[in-house]
Ligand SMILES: Cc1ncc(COP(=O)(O)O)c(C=O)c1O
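Presented below, as structure tokens, is a lone chain in the form predicted on its own.
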Amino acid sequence: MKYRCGKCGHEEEVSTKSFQCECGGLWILEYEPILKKEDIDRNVWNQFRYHRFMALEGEEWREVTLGEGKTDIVKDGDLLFKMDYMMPTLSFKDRGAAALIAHCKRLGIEEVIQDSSGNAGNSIAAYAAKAGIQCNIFVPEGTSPKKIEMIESHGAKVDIIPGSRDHCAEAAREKAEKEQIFYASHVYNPFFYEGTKTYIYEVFEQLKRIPDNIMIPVGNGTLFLGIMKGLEDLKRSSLIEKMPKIYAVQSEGCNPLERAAKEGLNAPAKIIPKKTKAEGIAIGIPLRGEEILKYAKKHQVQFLTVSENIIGKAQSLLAQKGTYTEPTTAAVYGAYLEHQKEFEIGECLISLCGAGLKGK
């Protein structure tokens, strides 16, 4: 099991502290498990029941877990809502953070730095606290005060960075490199996707199948990449015969991947991001954009955008169904409402991935 650079192909041990290759390329984790139902650890009641299919060496996850995963699926007509906001820090990002911090614990890391619009930072802060690791989170200006309050409550230091989400990421990387602090990034570090892929493992175990349609929010692609990896694992293991139809949702005001797919580009389109309620997917320069678009072409992923006026309406409609989610989650439901007839979408799995309690 090794890292491979997605740019030059250089291989590196997963024990490296470098967050990227010397050429500037991002690491891809060379790990393709064969899934067997009998290898699920049924004595574990969290996402690490799938630890035998995750690229984790050792059992540090037992010291790190906060009980993430094992979220229910609630049926609403043709929709299957995966209740991933019912997590320790109220976001699906707990899946990735638990796996990444377990890896950090294995490496003996004592301090981490990360950048986030709120949810990933909150998750990393919580799991770092559980693991006894110091934590510094960079957030962009305009981040929900509630999210900042939650991050600080875990003992993490918060730096609020002026400018866009992309400026925030640049500042965090600069500090990590300059001060030689481990960059526990949900974008750069592939171990984060070892956690988010458990989303799809759970769906398969719960339903004993994969729905024909799956709708996913896409900014940096942490859930998207995890789901695609999980689906490929299931197919490679002959547990599913074909891939479902994937719909990847971006905000109308920040859609570099949707535009790239429409224009046939291999890299994200250059855009000027506009303000959007869906701050969790407001990523103008998705650093794994080429990897996301490669998966999209390979599996005929349909990119969709959602208009701003629909996001607020969708959030209200979800609340009336008893689920109070944040705008980024509502954006996915909004996209379903806008495009369901156009694409004749039948049964569809949607992740309710963040709680509305963390909003402004």
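From 1 onward, residues are counted along the sequence shown. Just so we're clear, the structure is a prediction, and the values are computed from it rather than from any experiment.
There is another form of this protein, the form predicted in complex with this ligand, and it is not shown here; the text below is about that form.
With this ligand left out of view, the stretch that reaches within 4.5 Å of it through heavy atoms in the predicted complex is, among 320-328, 30-38, 301-309, 48-56, 320-328. Taking Ile151, Val203, Met215, Val218 one by one, only a single residue has any non-hydrogen atom within 4.5 Å of this ligand in the predicted complex, and it is Val218. Residue in contact with this ligand in the predicted complex (any heavy atom within 4.5 Å), chosen from Ser117, Thr198, Ser185, Asn255: Ser117.
The closest heavy atom approach of Met228 to this ligand in the predicted complex falls outside 4.5 Å.
Using a 4.5 angstroms limit between non-hydrogen atoms, Phe92 touches this ligand in the predicted complex. At the 4.5 Å threshold, heavy atoms of Leu223 reach this ligand in the predicted complex. Contact annotation: Ile281 falls within 4.5 Å of this ligand in the predicted complex, judged by heavy atom distances.
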